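Given as structure tokens, the chain that follows is alone and in the form predicted on its own.
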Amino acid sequence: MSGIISDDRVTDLSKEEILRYGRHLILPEINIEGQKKLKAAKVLIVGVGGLGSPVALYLAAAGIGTLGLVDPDFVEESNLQRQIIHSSKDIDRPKTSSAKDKIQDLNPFVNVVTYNSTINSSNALDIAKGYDLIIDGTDNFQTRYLVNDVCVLLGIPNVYGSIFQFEGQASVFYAKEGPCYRCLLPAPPPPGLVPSCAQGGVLGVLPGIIGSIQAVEAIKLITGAGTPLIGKLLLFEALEMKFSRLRIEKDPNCPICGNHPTITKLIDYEEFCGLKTKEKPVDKISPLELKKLLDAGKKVQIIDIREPHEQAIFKFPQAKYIPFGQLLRRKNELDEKLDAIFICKIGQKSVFAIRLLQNAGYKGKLFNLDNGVNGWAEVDPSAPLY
């Protein structure tokens, strides 16, 4: 590849830029022409969290001319273990604002455009229009499919990364040159099957490794240096420090990049990922309501479905511990005559536990503790947020 930036877009570097980027300029694979392409490039980063943090910092340092940042969230203390573009003083600030300040402190030559909103089917094409590539720093399947489809429809590369616990993966999905994300994963997994980092945890340095790889791939695409990860999925396992690569074939029947595409515009990605369920909502109880019941001495059964290493962080008062994986075979330990209140970390996995029991024929009343242990921290000072 000669790079995705055409020669007619480049402009000369100033003396200050030549000094700043000197270590790039002496690399034959990049040199002054490649640095001019970096200056001309416009890169959109979707998600300024674990992956987006190192991507934004390294691309800013490398001299990308325009960085777009998309994220609707605000900085929380639990982010700081891995989202290194933010700091303690940024807690409660929009992530896009926090990231913009750090980027401009690092490199005032970078133009930063922020979108402090959720990217969705109604605004994605308008946001992405004019950018040369998109960095996918998201943590959910609906947005990954959205980013992929936007890139295919606009004809630009999608630099993909994902992380979980001690493992990460990266690739470049570029329909003009190879497969897209749908070629790798035609359909999303059932909702709740794959836990998020908030549910399963993540090693703090892992997004730095995968995010840095994404930044390298973006620079290669822009400058034409090296061979991008098009048609390849890079896998990384931190505990054994292993890298491996898998080949991804372009699917001729892919609904968006195949020979006869059936997806010609953005769709409802929540519906596609099965998030718009028609199932009856699970009954829930607020932390305050549960505290009142316990203070009044009302007899209820509290079922903590967290894993043992999570239970070690905080022992929920009066709870019976039945890890999620043991729930069905131990359901006879529950008393159908008593209300059962299920708790997990953030009140999501416990919803699946309740539905699992209901589908297995359990007849007693089941309630989900709203926001789980993290919600309980609102009424119990001894409970930590984690």
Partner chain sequence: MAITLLIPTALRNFTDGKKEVQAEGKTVGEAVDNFANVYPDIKRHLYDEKGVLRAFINIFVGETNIKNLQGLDTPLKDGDTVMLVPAIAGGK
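In this text, all values refer to a predicted model and were calculated from it rather than measured experimentally. Positions refer to the first chain, counted from 1.
Omitted from view is the form predicted in complex with its partner chain, to which the following refers.
Interface residue remark: residue 259 is not counted as part of the site for its partner chain in the predicted complex, having no heavy atom within 4.5 Å.
By the criterion of a heavy atom within 4.5 Å, residue 188 is counted among the residues contacting its partner chain in the predicted complex. Looking at residue 288, you'd find every heavy atom of it more than 4.5 angstroms from its partner chain in the predicted complex. Although the partner is absent here, residue 347 sits far enough away that none of its heavy atoms falls within 4.5 Å of its partner chain in the predicted complex. The partner is not drawn, yet in the predicted complex one stretch among 96 to 104, 159 to 167, 114 to 122, 279 to 287 has residues with heavy atoms inside 4.5 Å of its partner chain: 159 to 167. A heavy atom within 4.5 Å of its partner chain in the predicted complex is found for one listed residue only; from 131, 141, 174, 316, this is 141. Site annotation in the predicted complex: the residue of 253, 244, 88, 227 reaching within 4.5 Å of its partner chain with a heavy atom is 244. Although its partner chain is omitted here, in the predicted complex none of 9, 28 and 32 has a heavy atom within 4.5 Å of it. Contact annotation for 220 to 249: residues with any non-hydrogen atom within 4.5 angstroms of its partner chain in the predicted complex are 233, 235, 237, 239, 240, 242, 244, 245, 246, 247, 248, 249, listed in sequence order.
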